[in-house]
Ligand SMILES: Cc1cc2nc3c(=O)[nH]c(=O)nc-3n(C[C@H](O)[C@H](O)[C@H](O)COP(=O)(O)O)c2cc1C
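Form predicted on its own, single chain, as structure tokens, below.
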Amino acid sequence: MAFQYPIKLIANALGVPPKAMLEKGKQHGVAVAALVGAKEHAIAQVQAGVDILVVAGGEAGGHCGDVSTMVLVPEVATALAKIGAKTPILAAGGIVTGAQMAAAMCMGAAGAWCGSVWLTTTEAETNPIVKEKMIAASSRDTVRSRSRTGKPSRQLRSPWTDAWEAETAPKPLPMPLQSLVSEPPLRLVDKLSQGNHEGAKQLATYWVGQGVGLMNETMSAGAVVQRFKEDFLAAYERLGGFLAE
């Protein structure tokens, strides 16, 4: 389906991309990326023939590993250098500012892959109630849990996530079965919360990374990109000042 459109990039989030995806990518001139959360996964992806590695630290929203971005990016960059691989790295996980992107590039990344930062933009289809909660949240208001999909994923903390993390809670089912349990009630919570149901407003949650603590206002996607540019340049100049000294 994807290759029927004039796309420039296709990414695989869980595991090595299917052989057919890699072959079609070459046929159509489309770069094939893969998300990884561990050094050994990155090496396996390079050996499989992916064009771009999205190295996602545990700060990321959605499915993520448990190694921080600050550690994982240079670890993967070093591992690739040892095997002579030149596959570009896009750093991901908690990156919502240009300064963070600059830091990632100093550690060996070619750029940044951002997800959560778009959830509070004016164009985002995020539940308005959840969007308000994200803007008010701190970086400690997320939880990495298997309760939504069966695999570890980072979400906005709420009484819903707290209940699943309680000692008396049932163990989440393996993917994809857990989604059959969690998604129907969460869709209902979303609907009721937007109808001003107080209980649903408290329960409402969504995937988001720890960078949510820096997402303190709603702005357009274009304004986010512009701020990234300005913040990146400021960080670059600050680093240059250190070198001058």
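Residue numbers here begin at 1 and follow the sequence given. Note that the structure is a prediction, hence the values are computed from the model and not measured.
Separately, the form predicted together with the ligand exists; it is not shown, and the next lines address it.
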| query | finding |
| --- | --- |
| Residue 76, heavy atom within 4.5 angstroms of the ligand in the model of the complex | no |
| Any non-hydrogen atom of residue 160 within 4.5 angstroms of the ligand in the model of the complex | no |
| Any non-hydrogen atom of residue 104 within 4.5 angstroms of the ligand in the model of the complex | no |
| 4.5 Å heavy atom contact, residue 130 to the ligand in the model of the complex | no |
| One stretch from 107 to 115, 166 to 174, 136 to 144, 76 to 84 that, in the model of the complex, holds residues within 4.5 Å of the ligand by heavy atom | 107 to 115 |
| Stretch 91 to 115: residues contacting the ligand in the model of the complex, 4.5 Å heavy atom cut-off | 92, 93, 94, 95, 113, 114, 115 |
